[in-house]
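Below, in C-alpha cells: the form predicted alone, a single chain.
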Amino acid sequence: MVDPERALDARAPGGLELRAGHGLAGLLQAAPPCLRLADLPTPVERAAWLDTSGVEVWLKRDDQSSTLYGGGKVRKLEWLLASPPFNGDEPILSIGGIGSHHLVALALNLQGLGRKLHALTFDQVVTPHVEANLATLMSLGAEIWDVRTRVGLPVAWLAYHLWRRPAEKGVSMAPGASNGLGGFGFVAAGLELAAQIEAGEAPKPATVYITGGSAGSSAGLAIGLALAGVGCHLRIVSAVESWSFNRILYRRMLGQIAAALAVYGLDPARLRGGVSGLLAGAGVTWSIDHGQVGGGYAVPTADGRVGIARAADHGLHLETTYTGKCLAGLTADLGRGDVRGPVLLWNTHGANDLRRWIDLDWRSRLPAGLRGRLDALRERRGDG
C-alpha cells in the first residue's frame, strides 16, 4: 500500500526530492517532485530461452517495479501524482479499456492517497486477466462511465464535463499517463539501464524491444537512452492500430517530453538540434512494428498466446494486450534474422496477484449496460 504520509510530502513547498543518485537529479537544474511509488532499479536478467543463433536476449523486469502493482505505469504515476494538477484531493479522470492496466495502477495508487478514480471505459475482449482487472477497479470503488467504443470517448469526455457533472469532478489525466512529465518515468528508466550497463549487470543492447500504445513509455525511454549515450535501436511493437499510434504521434510525444525536460532545467545545449538531434547524436534510432496488432487493440492473437505460454514456462507472466504481442514481435524478427544483438526485452507488465483486492459482489457495481454485455464479450475471448 502507498504510504499516505510519504505521499503527502510531495504537496509541501519544494516537493519530494529525488532518490539519492537519481539520474535526472544531475541533469535538471530544478527537478520536479517525485513520489516513491516504484521499487527501483528493476533487475536485468538473461533470457537464454529466447536466444537464437548469434543473438543473446536479456530481460528488463519492470514486472518487479512495485509490490502494490508493478509494470511500467508506476514509473509515470510517481511523477504525475506529485505535481499539479494531479497532486490535490479530488478524483482523477482517465480513459482505458475495461481491463486497462493504467486504470488499475491509478486506482490502486489513488486508494493509498485516499482518493478516487473516475474512468471512461470502452469494451475489450474479456480474458481472465481483463476480468481480474475490471473486478479490481470495481472493488476499489472506481466510478466508471460505460462508453462501449473508443470512437465514443470524445463525446463521453464532453458529457462528463458539461452535463453529467459528477458531484466531485475529476482532473483529467492522459490515457496511459502519457504526457511530457509522465514521460520522465521512462527517461529515468533509460538512465537506470545505462547505470546497470556501466555496473556490468548487462551488456549494452544493440536492440531494445518495448510495447507501444500511448507512446509515453517508449518515447521517454528513447530520450533517456540518448541522454545516457546508450546508442541502440528501439523496436516499438504497437498494441494499437496505426491511426492510434504512428510516427507522427510518436514524434509529438518525443517533443512533449523534451519540452518538459527543458522547463525543468535540462541544459539547452542538449536540445540544440531538437529531440531528433539528441537521438541522432547518441545513435538512438527507432521503428514501429504494427505487425502484431491483429484484430485490433486488446484483441488476443494466436502468436501472442504462444508467446505468453512460452514465457510462463520460464516464470515470466505476460498478457494478451501488450506484452504478449511484444514478445511475438521479437520472436518474429528473430525468426527472420532481422535483429542485431544483444537484445533487451523490456517487460512493462504488472503481474501482481490482484485477488486480495477483489470483492465477491464486484459485478453488482458495474454500470447496467456493461454488466449485461460481459457474457457476450467473454464468449469471444482467448486465453489471457
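Start at 1 and count along the sequence shown; that's the residue number. A quick note: this is a predicted structure, and the numbers were derived from the prediction, not measured.
Keep in mind that the form predicted together with a small molecule is missing from the display, and what follows is about it.
Contact with the small molecule in the predicted bound form, defined as a heavy atom within 4.5 Å, holds for exactly one of 300, 205, 213, 307, namely 213. Only one of the listed residues (178, 121, 127, 136) places a non-hydrogen atom within 4.5 angstroms of the small molecule in the predicted bound form, and that residue is 178. Contact annotation: residue 66 falls outside 4.5 Å of the small molecule in the predicted bound form, judged by heavy atom distances.
Though the partner is left out of this view, residue 349 does reach within 4.5 Å of the small molecule in the predicted bound form, counting heavy atoms only.
For residue 101, a non-hydrogen atom is located within 4.5 Å of the small molecule in the predicted bound form, even though that partner is not displayed. Among heavy atoms of residue 322, some come within 4.5 Å of the small molecule in the predicted bound form.
The stretch among 73-81, 264-272, 194-202, 161-169 whose residues place heavy atoms within 4.5 Å of the small molecule in the predicted bound form is 73-81.
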